[in-house]
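Only one chain comes next, encoded as structure tokens, the form predicted alone.
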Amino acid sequence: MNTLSYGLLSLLAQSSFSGYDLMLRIQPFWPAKHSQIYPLLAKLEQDDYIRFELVSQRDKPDKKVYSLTGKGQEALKDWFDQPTAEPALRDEMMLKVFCMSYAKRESARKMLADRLTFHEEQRLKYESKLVELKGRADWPEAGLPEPSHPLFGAYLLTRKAIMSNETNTEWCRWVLSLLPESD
């Protein structure tokens, strides 16, 4: 199985989802299009890693809601024993920063100011997600979830997003401070 397959199993380990919902939820981790996801779901279902239930909808075709099987749970457990690939970073702005000496000062400042605005908006989303997590009925009363708790991974990733966002925001402000406002 490929990484996207394991990603879909990971999401289904938390809850049942339609193919469309899976496509939306996988994006923060692994950008994928529906043309990739639906054939994988069919293969995972054929191989008994997942199953689906048809849910009728008014004025729409029935939708498939997928859930993880025991075989899918075992596959996830085995996946942790496999080596993890190095992280991939694709950020067009980093390429532009690399050759910033060729940029007009105003263009460079605007690019960084736009990215700073993006990070400030993302911070609000991440903080809202953290509040949402902590407000869930299954959030432990004792404070933080234990490593065996179903929300532990979501908590770790939300905190990572907040911490990365803080670093990226600080970096944008720092670079802007190095660039005079006019040539």
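Each residue number is its position in the shown sequence, starting from 1. Fair warning: this is a prediction, and the values are worked out from it, not measured in the lab. Rigid core (definition): largest C-alpha set, two forms, superposition within 1.5 Å.
One more form of this protein should be noted, the form predicted in complex with the DNA, which is absent from this view; the next part is about it.
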property	result
Per-stretch contact check against the DNA in the predicted complex, the hit in 153-161, 113-121, 134-142, 32-40 (non-hydrogen atom, 4.5 angstroms)	32-40
Non-hydrogen atom contact Tyr66 with the DNA in the predicted complex at 4.5 angstroms	yes
Interface membership of Pro147, the DNA in the predicted complex, 4.5 Å heavy atom rule	no
Exercise: Ser128 in contact with the DNA in the predicted complex, heavy atom 4.5 Å	no
Proximity of Asp48 to the DNA in the predicted complex, heavy atoms at 4.5 Å	no
Contacts with the DNA in the predicted complex - residues in 59-79 whose heavy atoms fall within 4.5 Å	Asp59, Lys60, Pro61, Asp62, Lys63, Lys64, Tyr66
Post core alignment: Asp62 C-alpha displaced by 2 Å or more between the shown form and the other one	yes
